[in-house]
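Listed next as structure tokens is one chain, alone, in the form predicted alone.
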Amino acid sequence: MVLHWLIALGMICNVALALSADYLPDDWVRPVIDLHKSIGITVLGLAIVRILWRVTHKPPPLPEHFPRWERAAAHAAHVLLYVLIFALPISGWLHDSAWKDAATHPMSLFHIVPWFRLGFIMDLPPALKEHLHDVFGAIHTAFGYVLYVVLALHILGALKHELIDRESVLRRMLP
């Protein structure tokens, strides 16, 4: 439960940061992007821990009386969320590592822990790196939009069961 909510909080914060960056004063953009990167790497670390936990701890099954299509949709949404929990930080890390100024702008987690960029990307010729920066940025953005949709469906599904069906699935994820 703790991993679920920490990852959810991190991803929701990163969505808010990403959506707000274009509307901020110029001198706020770099700190917001740095915070976005720190949260993304933290989410990746938490996701690794969550997968290790999930391997040894099965989640409680959805109630059998839920229609088969709802259980299948919930399973598909969870699989896609797990994929995105990894794909977003990794694509963002690749994007950042291909940034032309990466070598002169060190990265750190929350301005405390120095963090490395991916050397196999940083060592590429500048023109290729610039191209990959654009490609990885587009992929990262596309994954972000998919996350918005899947996260909205995930939340709406939980609210539907809670408020309309009066069948609490939120209890499964609360202490």
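For every residue, the number given is its place in the sequence shown, counted from 1. Every value quoted in this text rests on a predicted model; they were computed, and no experiment measured them.
Keep in mind the form predicted together with a small molecule is missing from the figure; the text below concerns it.
In the predicted complex, every residue of the candidate spot (Met11, Asn14 and Tyr148) has a heavy atom lying within 4.5 Å of the small molecule. For the chain shown alone, Leu156 is not a contact residue for the small molecule in the predicted complex, no non-hydrogen atom being within 4.5 angstroms. With a 4.5 Å cutoff on heavy atoms, Ser108 does not count as touching the small molecule in the predicted complex; it lies far away.
Contact between Ile121 and the small molecule in the predicted complex is not found at the 4.5 Å heavy atom cutoff. Looking at Ile41, you'd find a heavy atom of it within 4.5 angstroms of the small molecule in the predicted complex. Look at 136 to 144, 52 to 60, 123 to 131, 66 to 74: in the predicted complex, residues with non-hydrogen atoms within 4.5 angstroms of the small molecule sit in 136 to 144.
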